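One chain comes next, on its own, written as structure tokens: the form predicted alone.
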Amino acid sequence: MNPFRRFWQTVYRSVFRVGIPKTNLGRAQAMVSSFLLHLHPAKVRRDSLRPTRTFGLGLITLYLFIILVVSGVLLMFHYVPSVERAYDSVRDLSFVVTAGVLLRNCHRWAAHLMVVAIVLHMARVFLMGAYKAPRQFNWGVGVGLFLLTLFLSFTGYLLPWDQLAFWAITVGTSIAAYAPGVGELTRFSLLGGNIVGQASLLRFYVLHVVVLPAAAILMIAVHLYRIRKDGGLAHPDEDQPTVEEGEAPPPQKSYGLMALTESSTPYVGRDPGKEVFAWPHLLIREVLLFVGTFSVVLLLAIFFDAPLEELANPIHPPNPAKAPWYFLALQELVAHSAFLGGVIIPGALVLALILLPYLDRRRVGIGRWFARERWLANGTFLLVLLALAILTVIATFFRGPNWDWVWPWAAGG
């Protein structure tokens, strides 16, 4: 054998323990021996590969987070967290930095899409009853990741330091101040004072690029670990009473993929005839989903620019000043009752989401879309989502100066 070829094979084998698999044994070994692929099982259920099973919402959310991290690191090379230079450094992305405007647009759209994707992902988990035992703790981790996503987007909102960002953060932090006892302290801690200024910009920047991403990565790691340990994706075979009614069944050996990909399922009584190897059936779907996700972000970035208004002016507030779109429902509620809309309702919703799997212990409707046995729970959840969506639409299009009601089609007249 050629010495160079032998040397290359030695180097290759030191990095990749298994090459391109050509046999079933090789396909199984490739999944187990790879640092990245070992998060997958060697085999998955055929029916778990159907797109309508989970729509890949968890994996889409993960891909968007990766896009945000990569684009955010690149943006950090050009951004200066100073009230004197922040606006100019963002504007330079459009006129000075090569492909800077595309990079900023990708980051902006990925952030918005991640908020939407994680909401849909949580809705999917809820509507399939996949939060029940033994996945209660991991559902709580998912709720924490949802809140982290909102805070990540919120802290990044201020960084352009334009009128839109300045007054959106002013309104958003004002909503936080309504919490009794700790509200004003929370607002003061976020802003580094009583007004949005240099201390606020620096704190939001550190939170956005260091603290919150580190927390998100840690929680994602815990989320993936617990998914494998808790048995993977919920399946209708789990929809059965346990030995002691109401008690969680023992975790099964996971033949499913991590929860964020949600492409496989554990089940009772394995039938090898219903399984396929993860290589290549699962991996090719993951690659195609990443290509699709990135393509959507790229197309949006090409055709729709991220907004950048004039330089922030603390003495000329817009009327009305609105919070970021994902907090507009809260702003609409606060407009009717500050304490009820800013504290009681959001606090009750978050607490209900965390406690839900510990209160709903019936082994029915697991792993099935819109199970009839769970019509009340699913209906209530959908009504809450619909109400929040309606409030967001009202605050976006039907609120004018002084938060008065306006008809958008009559605004021009």
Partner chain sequence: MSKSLPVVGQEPSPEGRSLKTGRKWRRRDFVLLVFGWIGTLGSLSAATLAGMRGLLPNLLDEPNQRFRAGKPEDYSDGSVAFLDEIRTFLIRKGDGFRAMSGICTHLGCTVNRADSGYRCPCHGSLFDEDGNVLSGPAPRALDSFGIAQARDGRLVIDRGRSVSPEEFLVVGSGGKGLEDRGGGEQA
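Basically, rigid core = biggest C-alpha set you can superpose within 1.5 Å across the two forms. Residue numbers count along the first chain shown, from 1. It should be emphasised that the depicted structure is a prediction, and the values quoted were computed from it without experimental measurement.
Although it is not shown, the form predicted together with its partner chain is what the next lines describe.
K.L.:
Does the 4.5 Å heavy atom contact test between Pro307 and its partner chain in the predicted bound form come out positive?
P.N.:
Because no heavy atom of Pro307 falls inside 4.5 Å of its partner chain in the predicted bound form, the answer is no.
K.L.:
Evaluate Pro317 for contact with its partner chain in the predicted bound form, applying a 4.5 angstroms cut-off between non-hydrogen atoms, and reply yes or no.
P.N.:
Result yes; Pro317 sits at the interface with its partner chain in the predicted bound form.
K.L.:
Spell out, yes or no, whether the shortest heavy atom distance between Phe188 and its partner chain in the predicted bound form is within 4.5 Å.
P.N.:
Contact with its partner chain, yes.
K.L.:
Report yes if any heavy atom of Ser337 sits within 4.5 Å of a heavy atom of its partner chain in the predicted bound form; otherwise report no.
P.N.:
Ser337 belongs to the contact set for its partner chain.
K.L.:
Quick check on this chain: which one of Ile195, Val210, Ile284, Leu218 has a heavy atom within 4.5 Å of its partner chain in the predicted bound form?
P.N.:
Flagged contact: Ile195.
K.L.:
Within 4.5 Å, heavy atoms only, which of Leu164, Ala111, Ile175, Leu201 is in contact with its partner chain in the predicted bound form?
P.N.:
Only one option qualifies, and that one is Ile175.
K.L.:
Counting only heavy atoms and a 4.5 Å cutoff, which of 308-316, 91-99, 134-142, 223-231 contacts its partner chain in the predicted bound form?
P.N.:
It is 308-316 that comes within 4.5 Å of the partner.
K.L.:
With a threshold of 2 Å on the C-alpha, tell me if Ser89 counts as moved between the shown form and the other one once the core is superposed.
P.N.:
Moves: no, less than 2 Å.
K.L.:
Would you say Gly140 moves its Cα by 2 Å or more between the shown form and the other one, aligning on the core?
P.N.:
No, because once the rigid core is superposed, the C-alpha of Gly140 moves less than 2 Å between the shown form and the other one.
K.L.:
I want to check Gly172: does it shift between the shown form and the other one by 2 Å or more at the Cα, with the core superposed?
P.N.:
After core superposition, the displacement of the Gly172 C-alpha between the shown form and the other one reaches the 2 Å mark, so yes.
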